[in-house]
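First, one chain by itself in structure tokens, the form predicted on its own.
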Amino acid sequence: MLMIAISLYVTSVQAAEVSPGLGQSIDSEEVSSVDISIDPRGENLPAGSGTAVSGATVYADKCAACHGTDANGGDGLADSLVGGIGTLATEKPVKTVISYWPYATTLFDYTRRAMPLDAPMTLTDEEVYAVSAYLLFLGGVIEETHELNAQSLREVQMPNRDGFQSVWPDM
């Protein structure tokens, strides 16, 4: 019985050392070219800027079909993005980007990587700053002429900023 156990162990160790031959190795430069994630502190935010004024056009062209003309979602549409402030502690909380998300940098990161749903990662950085500004304006978080960029986006105080315990140091 011991010989069978040792044989199985040796076989499994040898199998683990054999590569399945999938994919290929890439260097750190290639990794950085696809690592576009933005943490809540705003690390790695790209150059560019946008305002709600320019974001209204981007939103109408690339977002409204799913999220509704005023970002309120609707029948058969994607979730509402604005509204819901003050509802989180109620029986029927309305979790939106504005009412629930603690960091505006997360809005930029998610929009940049995942939207529009039918063509993710096709928005330019300027379009992402602009549509983020538009949503923050619709939600009453910033003024219509407030310019979002790598610095100012970090400074946006979301309504639910203190609704979470942060795992990020120095936040």
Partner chain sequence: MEPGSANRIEHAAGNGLLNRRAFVQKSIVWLSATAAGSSMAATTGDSAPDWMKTPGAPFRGYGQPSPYTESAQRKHLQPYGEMAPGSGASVTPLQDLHGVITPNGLHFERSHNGVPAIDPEEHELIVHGMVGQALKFSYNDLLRYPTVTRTCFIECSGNGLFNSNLVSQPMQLPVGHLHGVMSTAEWTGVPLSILLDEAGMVTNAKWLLAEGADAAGMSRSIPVSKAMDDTMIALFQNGEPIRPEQGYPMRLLLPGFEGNTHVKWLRRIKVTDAPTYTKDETSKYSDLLPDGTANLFSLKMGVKSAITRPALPYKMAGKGFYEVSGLAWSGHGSVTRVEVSADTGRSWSDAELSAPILPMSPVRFRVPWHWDGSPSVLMSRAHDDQGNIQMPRSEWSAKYAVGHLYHNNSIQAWGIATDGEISNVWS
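Numbering follows the first chain given and starts at 1. These figures come from a predicted structure and were not determined experimentally.
The same protein has a further form, the form predicted together with the partner chain, not shown here; the description that follows concerns it.
Partner proximity in the model of the complex, defined as non-hydrogen atoms within 4.5 angstroms of the partner chain, places exactly one of 138-146, 27-35, 123-131, 52-60 at the interface: 27-35. For the chain shown alone, Leu117 is a contact residue for the partner chain in the model of the complex, at least one non-hydrogen atom being within 4.5 angstroms. Of the heavy atoms in Pro93, some are within 4.5 Å of the partner chain in the model of the complex. Contact annotation: Asp70 falls outside 4.5 Å of the partner chain in the model of the complex, judged by heavy atom distances. Under a 4.5 angstroms non-hydrogen atom cutoff, the partner chain in the model of the complex lacks Ile85 among its neighbouring residues. Contacts of stretch 102-128 with the partner chain in the model of the complex, defined by any heavy atom lying within 4.5 Å, are made by Pro102, Tyr103, Thr106, Tyr110, Arg113, Ala114, Leu117, Pro120, listed in sequence order. In comparison with the shown form, the Cα-Cα distance of Ser28 and Arg154 decreases by at least 3 angstroms in the model of the complex.
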